[in-house]
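Only one chain is given next, in structure tokens, and it is the form predicted alone.
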């Protein structure tokens, strides 16, 4: 089972992003790297020329590189940028992860990854996407395991790979408004890139002080880190080809190493859960959606 590193969902700045991807390419046990901005078109820290340079720099690592698109395309300018990204993917012979149906439309017939934001919930939708070029599908983060089994078994067009969001803060929704900007009484047009002050999202809490959500500009995420490390023994039976680890600002090389050892059978899932918990500062995890439970809960198999 392969490990992928999903696109960076936070505003880290150009230098930090380039350094991060260098480490993931040459120091981590990951197999697939997703590059590109998914959350907000204003924070394109890596220009298209930066992405081109990065693709060439990372190619010697032997890892598969994929370009990711915005999760919410809202303007003609963003549509044009999407078209240019598709052209670059074709020129570099790398897959394109479409996170919006606009991406499917622009790149129809090309080797596409349907990202978790495309919302594929039934076999008929999967069949359609395969017919227009999708060769890999990332399950929506709220889909329970039983539904995944049905999707895998009913896939009628081959080949197709199935990727599972397995570790990281859950990307839940997008909005046309920017929560982070409004929290500082700023307009979206003059946001001052305040999301960059929160490298793993801005935590919101209930009136009782309990963590609720993480706000990431126009994106709402889970406050708890989601992990399926305890469910690793079950994953092969689901037909999963790749597990996705979503980037966070700390300990990524170690997190990937723990996942690799667990998938390879060199580390017990319970031991792995303990080690990941230590890297998570002792904060609780969640995995409820996978078990058809409330998303904030953690279910032990």
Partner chain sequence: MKRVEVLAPAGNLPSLRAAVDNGADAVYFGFRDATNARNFEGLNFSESEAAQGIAYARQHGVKANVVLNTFPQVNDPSPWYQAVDAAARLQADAIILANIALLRYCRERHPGLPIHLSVQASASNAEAIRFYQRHFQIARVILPRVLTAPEIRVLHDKVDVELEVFAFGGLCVMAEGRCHLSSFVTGVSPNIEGVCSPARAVRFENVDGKLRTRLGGALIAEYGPGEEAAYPTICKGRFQANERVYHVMEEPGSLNILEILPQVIEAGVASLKIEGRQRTKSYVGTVTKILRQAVDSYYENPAAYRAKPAWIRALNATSEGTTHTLGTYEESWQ
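Values in this document were obtained by computation on a predicted structure and should not be read as measured data. Positions refer to the first chain, counted from 1.
Absent from the display: the form predicted together with the partner chain. The rest refers to it.
Though the partner is left out of this view, residue 99 does reach within 4.5 Å of the partner chain in the predicted bound form, counting heavy atoms only. Among heavy atoms of residue 86, none comes within 4.5 Å of the partner chain in the predicted bound form. At a distance threshold of 4.5 angstroms between non-hydrogen atoms, residue 90 is out of contact with the partner chain in the predicted bound form. Residue contact check for residue 216: none of its heavy atoms lie within 4.5 Å of the partner chain in the predicted bound form.
Scanning 72, 81, 160, 94 against the partner chain in the predicted bound form with a 4.5 Å heavy atom cut-off leaves one residue, 72.
Checking 166, 195, 178, 113 against the partner chain in the predicted bound form, a heavy atom within 4.5 Å turns up for just one residue: 178.
Heavy atoms of no residue among 56, 201 and 271 are located within 4.5 Å of the partner chain in the predicted bound form. Residues from 39-64 do not approach the partner chain in the predicted bound form: none has a non-hydrogen atom within 4.5 Å of it.
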